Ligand code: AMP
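Only one chain is included here, represented as structure tokens and corresponding to the form predicted alone.
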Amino acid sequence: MDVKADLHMHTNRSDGIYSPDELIQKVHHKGITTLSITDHDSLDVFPHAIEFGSTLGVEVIPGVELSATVGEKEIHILGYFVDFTNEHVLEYLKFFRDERKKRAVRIVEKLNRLQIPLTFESVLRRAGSGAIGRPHIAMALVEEGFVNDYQTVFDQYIGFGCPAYEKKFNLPPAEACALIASAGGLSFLAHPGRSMDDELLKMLIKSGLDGIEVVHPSHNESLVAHYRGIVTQYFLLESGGSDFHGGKRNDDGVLGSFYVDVSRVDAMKRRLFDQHSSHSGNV
């Protein structure tokens, strides 16, 4: 029987619904033994999440999700086993969160000009102390009755090319990978999906990726096989997970359905051990 590892999950420290403790309890009940919390631009849940997970026999891998751009295309990069005490990385993440807040202000201002009287304070209440994002704006618009449903907010107002869209500050992929590496972590391309051009993928691999998220709710069986083949071809690592947020974005039933075997995590640990041994040998 597979030992399940879900390596893509979000808490209310970014755009998830549940607290770290609630999330860990939920995945524990689903038989997941290893998970990575990969909040956007935030490492705030660590080390508490690791300690709480250990009380339930669940290994919690410190992770983060960063945004990067190539031209007009936004991609997401997952960092695993990052040092959540690394001051260099923490300073960068604080800068990213500050930029997120400025972007949210601009989106709300655009919505106001469209005669939608949403207040920024209302968005802040949804985000709490976590990294603010468009999902918090969407939740506020729906819950306050300005728009009927969550997806309509993105389709008509704040999605790419829509009247209240605002571009997010993003790093080039190579810089995102370098930032993760500077904290001792591994970089994985998140949910490449159907739209990932092969030439772009090769460029991203050269930018410093250690692996690809092969298993994801947006990947059907043929895509899983396709990206697994690329992982093998380029001697990369494989990750996968539910990209769970909870609430309106994901029914709790998705938990336990998208995962990789814990052997994939063991392969990551071996890669990190080999890198550390190589660097130590060069001293």
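From 1 onward, residues are counted along the sequence shown. These numbers come from a predicted model, not from an experiment.
Form predicted together with adenosine monophosphate (AMP): not shown, discussed below.
Student: Identify, from the list Gly211, Pro173, Pro192, Pro135, the residue with a heavy atom within 4.5 Å of adenosine monophosphate (AMP) in the predicted bound form.
Tutor: Here the answer is residue option Pro135.
Student: Name the single residue among Phe81, Phe154, Tyr92, Phe146 that comes within 4.5 Å of adenosine monophosphate (AMP) in the predicted bound form, judging by heavy atoms.
Tutor: Checked against the cut-off, the match is Phe154.
Student: Tell me, please, which stretch of 81-89, 108-116, 146-154, 177-185 lies within 4.5 angstroms of adenosine monophosphate (AMP) in the predicted bound form when heavy atoms are compared?
Tutor: Heavy-atom contact with the partner occurs in 146-154.
Student: Whether Arg13, Lys102 and Arg126 jointly form a contact site for adenosine monophosphate (AMP) in the predicted bound form is the question; each needs a heavy atom within 4.5 Å.
Tutor: No, none of Arg13, Lys102 and Arg126 comes within 4.5 Å of adenosine monophosphate (AMP) in the predicted bound form.
Student: Might His76 be said to contact adenosine monophosphate (AMP) in the predicted bound form, defining contact as any heavy atom within 4.5 Å?
Tutor: His76 belongs to the contact set for adenosine monophosphate (AMP).
Student: Is there a heavy atom of His40 lying 4.5 Å or less from a heavy atom of adenosine monophosphate (AMP) in the predicted bound form?
Tutor: Yes, contact at 4.5 Å.
Student: So which residues in 156-174, when you check adenosine monophosphate (AMP) in the predicted bound form, have a heavy atom no farther than 4.5 Å from it?
Tutor: Result: Lys168 alone.
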